[in-house]
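As a starting point, one isolated chain is supplied in structure tokens, in the form predicted alone.
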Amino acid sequence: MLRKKISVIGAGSVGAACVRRLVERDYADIILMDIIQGLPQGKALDILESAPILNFNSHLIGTNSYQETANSDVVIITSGSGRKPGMTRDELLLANMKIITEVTRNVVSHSPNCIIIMVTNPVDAMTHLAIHTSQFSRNRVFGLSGVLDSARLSSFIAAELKVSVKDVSACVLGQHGSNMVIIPRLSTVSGVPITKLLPRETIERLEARTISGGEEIVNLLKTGSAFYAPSAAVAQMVEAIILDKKEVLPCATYLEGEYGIKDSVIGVPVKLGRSGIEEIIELELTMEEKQVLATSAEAVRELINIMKGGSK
């Protein structure tokens, strides 16, 4: 049986970490592509030289050519400018818009049947841009959002309650960023809502820390942004697709009326399998939760409109 092919565009910290996690899973061949001469080749070679120690047989090459990515099953886009201290995700918008438009065109021309996973921030707006640029159906273009955000919240809840992270399930919807929507009553520890386990002030503190989770790391690192948790989140999404796991994961998804929202991209739970998004899961939300989610979608829509203005 032919091995699956995964291409990662962008050999920065997130892209290289994604490649490392995926080659070690040993179920696909990987291409690491970047326009910087030597960068993807060097990182790919370094990772490949760990194969005899970690015992994987994935084929891995680094390249500066999109031709090497041809006929990929999944393409992960991490290209673009990263956030610097004091910078909002939204300030990245117009700079990364030009990069993502060009990258998406190249990806589509070489892998017209691929599934695209967007990682570049602001991810909701960039996912919308990639759908528009690629002309792919929405089930084949979606972004990293809720898998990472819910992992951050779950880790904070587990630490607060001193329980195993395996027992924690966090519900995070909406925009990846300041308009994130956390649903405490649907966030549980072994099925018990955290609203019954933690006081309101503690929940609000954990929510605030989750919303600024990426910013906290940027401010600590000074010269970079998060990559260990984001790469783990991407790998979980890729695995659900490559292994056709039908796993329900929150992803940045283009909505066409689900949750009462149209023409915006926000994080909602979806079933991921071989063909990408196979179903959008609609949670039963209260009126108040629906309103907050609609506000989050509107914030993304504003970014989409800025991009429309910036492309004229």
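Heads up: residue numbers just count along the shown sequence, starting at 1. The model shown is predicted, which means the values in this text are computed figures rather than measured ones.
Not pictured, yet referred to below: the form predicted together with a small molecule.
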Within 4.5 Å of the small molecule in the predicted complex, heavy atom basis, the matching stretch of 32-40, 253-261, 52-60, 282-290 is 32-40
Looking at 72, 127, 121, 145 here, can you tell me which has any non-hydrogen atom within 4.5 angstroms of the small molecule in the predicted complex?
121
Identify, from the list 225, 210, 111, 187, the residue with a heavy atom within 4.5 Å of the small molecule in the predicted complex.
225
Contact test in the predicted complex: residue 27 vs the small molecule, heavy atoms, 4.5 Å:
no
Partner contact for residue 102 in the predicted complex: the small molecule, 4.5 angstroms, heavy atom
yes
Residue-level question: is residue 214 within 4.5 Å of the small molecule in the predicted complex, judged on heavy atoms?
no
Heavy atoms within 4.5 Å of the small molecule in the predicted complex: does residue 177 have any?
no
